[in-house]
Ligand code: NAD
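Okay, so here's just one chain, in structure tokens, the form predicted on its own.
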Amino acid sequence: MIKVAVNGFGTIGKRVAEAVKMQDDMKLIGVTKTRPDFEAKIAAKNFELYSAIPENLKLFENAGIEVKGSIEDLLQKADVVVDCSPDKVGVQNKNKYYTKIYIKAIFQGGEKKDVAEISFNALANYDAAKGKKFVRVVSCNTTGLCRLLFILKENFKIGRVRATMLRRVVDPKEDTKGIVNGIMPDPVKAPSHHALDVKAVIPDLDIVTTAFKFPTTLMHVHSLCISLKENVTPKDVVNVLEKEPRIFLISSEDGFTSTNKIVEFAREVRKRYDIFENVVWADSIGVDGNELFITQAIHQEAIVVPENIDAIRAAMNIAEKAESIEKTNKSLKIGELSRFL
């Protein structure tokens, strides 16, 4: 039984913590918060809570929130830590804590790729992460791209990929930042970083990406144009994608005309409307000459959760790729959304 600590009980951390508790080969031994807010109170009622900042122990005590100790105490009990800290804090934690004791760590895509030995996507490079001490799960957008493009690359002869990300500007709970009435190129000068991150996982893929921030909080949307090196029909692509549990095919004919409608559907069938799958509009899949077009939506709050679970197994070398993915899918009910349609 792998003893897992989750450092950071925020948007990703709370979802990873719950997912770890659903696994039969892992034990969640604690989570951390930096300060005694409402999320800390929720965490303390459901998990063993520790202070992510040792100097803040007194703040939790004064707020009447029971903590078991500091991050230093938690790490002494763990085999692996999933770092779900804000961007750039993970590398600070690595230098301050993780490298000083023998503990493996899983980082998130907000960190630079050199924080870890490998950037990770379960479908694309699970085996390469086996036994690694430091693994970085790529960002939500990159996870969505890696999944889709790995499947296409495995089944068809493809050339250059051009992908445009229409990014949600902030997560729903972030109320102090974000554009209100505008669209922001991110960055202004193309390409965006996503292509480099995808190539860190799938090195031989020819891809260029651009991105724009939109005043929405629900999901990202990707528009992809992929060069084909063989004759492929839309039906061929649909047949391949519908076999992968981490891809959820939808149709505008079923009312899925926007990310709003996708979220409304997910609210009825998933806690927090967490969508762990890539959501691909089947009727967006088209071929014009030698170019394949696909549009997909990505729920940024949840899509990396199964990747974190698989990354734990890979780093700890306790399961083969197919076994880990199957266990994760089953525990999180990944691949079952279509039964509600």
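Please read these numbers as outputs of a predicted model, since none were measured by experiment. Each residue number is its position in the shown sequence, starting from 1.
The protein also exists as the form predicted together with this ligand; that form is not presented, and the subsequent description refers to it.
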Problem set entry | Contact test in the model of the complex: Val304 vs this ligand, heavy atoms, 4.5 Å | yes
Exercise. Given that the partner is absent here, does Arg313 sit within 4.5 Å of this ligand in the model of the complex, heavy atoms only?
Worked result: no
For this session: Report whether the minimum heavy atom distance between Asn121 and this ligand in the model of the complex is within 4.5 Å.
Result: no
Exercise. With the cut-off set at 4.5 Å between non-hydrogen atoms, does Pro245 touch this ligand in the model of the complex?
Worked result: no
Exercise. Of the residues Glu268, Asp87, Glu253, Glu230, which one places a heavy atom within 4.5 Å of this ligand in the model of the complex?
Worked result: Asp87
Exercise. Considering Cys140, Val237, Ala116, Ala195, which brings a non-hydrogen atom within 4.5 Å of this ligand in the model of the complex?
Worked result: Cys140
Exercise. Using a 4.5 Å heavy atom cut-off, are His222, Asp283 and Gly335 all in contact with this ligand in the model of the complex?
Worked result: no
Exercise. Just one of 52-60, 287-295, 271-279, 22-30 has heavy atoms within 4.5 Å of this ligand in the model of the complex; which?
Worked result: 52-60
For this session: Between 231-250 and this ligand in the model of the complex, list the residues on our side with a heavy atom within 4.5 Å.
Result: none
